[in-house]
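Below, in structure tokens: the form predicted on its own, a single chain.
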Amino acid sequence: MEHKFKPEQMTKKYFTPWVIVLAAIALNGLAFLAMRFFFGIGSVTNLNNQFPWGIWIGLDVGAGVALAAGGFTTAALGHIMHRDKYEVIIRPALLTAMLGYTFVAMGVFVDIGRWYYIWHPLIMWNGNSALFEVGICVMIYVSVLYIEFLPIVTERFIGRVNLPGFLNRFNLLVDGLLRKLDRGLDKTMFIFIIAGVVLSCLHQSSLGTLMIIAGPKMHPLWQTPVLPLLFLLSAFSVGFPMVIMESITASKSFGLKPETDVLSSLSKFVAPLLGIYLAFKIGDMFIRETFVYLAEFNSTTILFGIELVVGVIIPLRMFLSEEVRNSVPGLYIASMLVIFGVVMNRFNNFVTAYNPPYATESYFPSIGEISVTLGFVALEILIYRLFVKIFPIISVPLKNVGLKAKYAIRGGLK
């Protein structure tokens, strides 16, 4: 079967007004991050002994891990299930997952009070700890994602190695090493793809286990023994919408036509996944009879309602509509609602629902916490834009791949 698309480097200029705005947000976040390391975590955050975690865990880690699920869901669909038509979205999804998990690891790093002990789980194993399982799986999966990205690197530089100055004598040696690496990866990549899917399922569910341990400190609307399953199902549900949103955004940013046929076909998987998640969510609520708490009209029940209605029920109805699935704006809005719902779910689980019984004050994120979180998001977008200009990641129609694109590949960033 002949493919209609081919991954190419993007030639559009890097700096735009929006990129400058994102750079300012990133620099602001990095400034607060520097304060956190120089003056301690208490100088930047509103965390305390009663509320030891906030949005850095709830959003940067909890939501970040879920939103990076597009990597393993598309890998399972394209490579394991051999749905070749989805090859065009696998590379962007892989890059998004790789950057997403990198920033998740950074989120954990900055949230730890004694950040210089982050290496401890590598040496001090505790098989009874849910957090240990999450940490080990995330560390291994980050490594797997970078290994999965290596074939894109070899494709970019094989036959184009041109080291500067006296280093050019090593051009042939480096090119030969890249070719050997590419051949080795071609024979073993299936191992890393399968490992990535398995590892993702493990730590996505184990994040829910963390909140089970919180016990009565969590509101009954979210505290449930099936929380690991709900976390895993919600990650499956948001994987494809995240890929759809990213693909449409990248296409608009670089002046490309969205791959409507592929995205429309991909969107057919979303409604069944959302339906399964909603069935377990509602079923669990009725089995435990926690629906009685919905009679209480307060901020907690309002946030629960927004999470369920806006983030699950409305996009579920939208993805069931053929008209929405064939519309780029419809796909974008429906996908954004699913993403919003999962982000709200993680925020609710880690922040809204968590309330120590003897707390003397409430938690609200500081300007520093918000700035670091927004800075991470902005920095991730900026790095994504840089990568797609250096490496062949985003697919373009074959008819648009001409002499200009070939020169762009050789020239790199301009």
Partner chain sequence: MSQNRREFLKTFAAIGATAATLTAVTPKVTKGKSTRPLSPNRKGVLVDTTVCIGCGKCEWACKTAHDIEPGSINDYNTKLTDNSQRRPSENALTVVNQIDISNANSGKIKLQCMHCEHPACESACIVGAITKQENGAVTWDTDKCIGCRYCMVACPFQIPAFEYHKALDPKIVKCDFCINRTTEGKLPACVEICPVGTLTYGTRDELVIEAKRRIGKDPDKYFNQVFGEYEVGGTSWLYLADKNLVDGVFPKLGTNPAPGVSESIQHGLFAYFVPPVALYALLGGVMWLSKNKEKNEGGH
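Residue numbers count along the first chain shown, from 1. Since the model is a prediction, treat every value here as computed from it, not as a measurement.
Not pictured, yet referred to below: the form predicted together with its partner chain.
- The stretch in contact with its partner chain in the predicted complex, judged by heavy atoms within 4.5 Å, is 216-224, chosen from 216-224, 167-175, 317-325, 149-157.
- Out of the listed residues I282, V161, M336, L131, L131 is the one that sits within 4.5 Å of its partner chain in the predicted complex by at least one heavy atom.
- For the options I276, L294, I80, V310, the one in contact with its partner chain in the predicted complex, meaning a heavy atom within 4.5 Å, is I80.
- Against its partner chain in the predicted complex, the set T249, K252 and F340 makes no contact: no member has a heavy atom within 4.5 Å.
- Proximity of Q50 to its partner chain in the predicted complex falls within the 4.5 Å heavy atom cutoff.
- Its partner chain in the predicted complex is not approached by P258, whose heavy atoms all lie more than 4.5 angstroms from it.
- Under a 4.5 angstroms non-hydrogen atom cutoff, its partner chain in the predicted complex lacks F364 among its neighbouring residues.
- Using a 4.5 angstroms limit between non-hydrogen atoms, T300 is distant from its partner chain in the predicted complex.
- For the partner-free chain shown, Y117, H120, P121, M124, W125, N126, G127, N128, S129, A130, L131, F132, E133 of 117-138 come within 4.5 angstroms of its partner chain in the predicted complex, judged by any non-hydrogen atom.
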